[in-house]
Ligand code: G3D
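Starting off, we have a lone chain in the form predicted on its own, written out as structure tokens.
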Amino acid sequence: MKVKICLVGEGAVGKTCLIRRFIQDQFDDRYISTLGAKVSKKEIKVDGPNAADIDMTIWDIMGEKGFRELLKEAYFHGAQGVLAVCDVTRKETLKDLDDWVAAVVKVTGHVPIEFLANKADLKDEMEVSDSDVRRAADAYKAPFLFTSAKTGANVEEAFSKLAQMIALRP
């Protein structure tokens, strides 16, 4: 099963780092802004009643708002799942996910969405609570996870969960 996944969220929330952790099991904390869109691939197995080999094409987009307006049609077209990423140390990045998710839904219709509260390893700097993320995710009947691209916490689980949600769709 071939699927297109899009990661959305503001700049510097950790989208590229999450993908690098998932694909290569590596972390690099030097910030290099994504220019345009970058595409990665990874195949994973989904177990259970809808067991499948999922060939993921993972799209990473530049987080700047102007860019979203420019390329959203092409970027989101054909997406079968979305990881909506915020930075737990910047509360506004969670609020901004509403616009990102609305932009995706406009193009794709309702596809599986999972909210990721990234940089969960920075506990002392956290501005986003469990209930904040739950509220945002509940608005879209979506699950959520606290992740850390740095430590790898919940990264594999995030992509696997989204793959399962896609595999379970009729």
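Keep in mind that what you see is a predicted model, and the values were worked out from it rather than measured. Note that residue numbering follows the sequence shown and begins at 1.
Note that the form predicted together with this ligand isn't included here; everything after this is about it.
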Query raised in the report: Ok, L145, A142, L122, A103: which has a heavy atom sitting within 4.5 Å of this ligand in the model of the complex?
Result: L122
**Report entry** Proximity of A12 to this ligand in the model of the complex, heavy atoms at 4.5 Å
**Finding:** yes
**Report entry** Distance check, T16 to this ligand in the model of the complex, heavy atom within 4.5 Å
**Finding:** yes
Query raised in the report: in the model of the complex, does L162 have a heavy atom within 4.5 Å of this ligand?
Result: no
Report task. Choose from 128 to 136, 111 to 119, 51 to 59, 38 to 46 the stretch whose residues reach within 4.5 Å of this ligand in the model of the complex, heavy atoms counted. Result -> 111 to 119
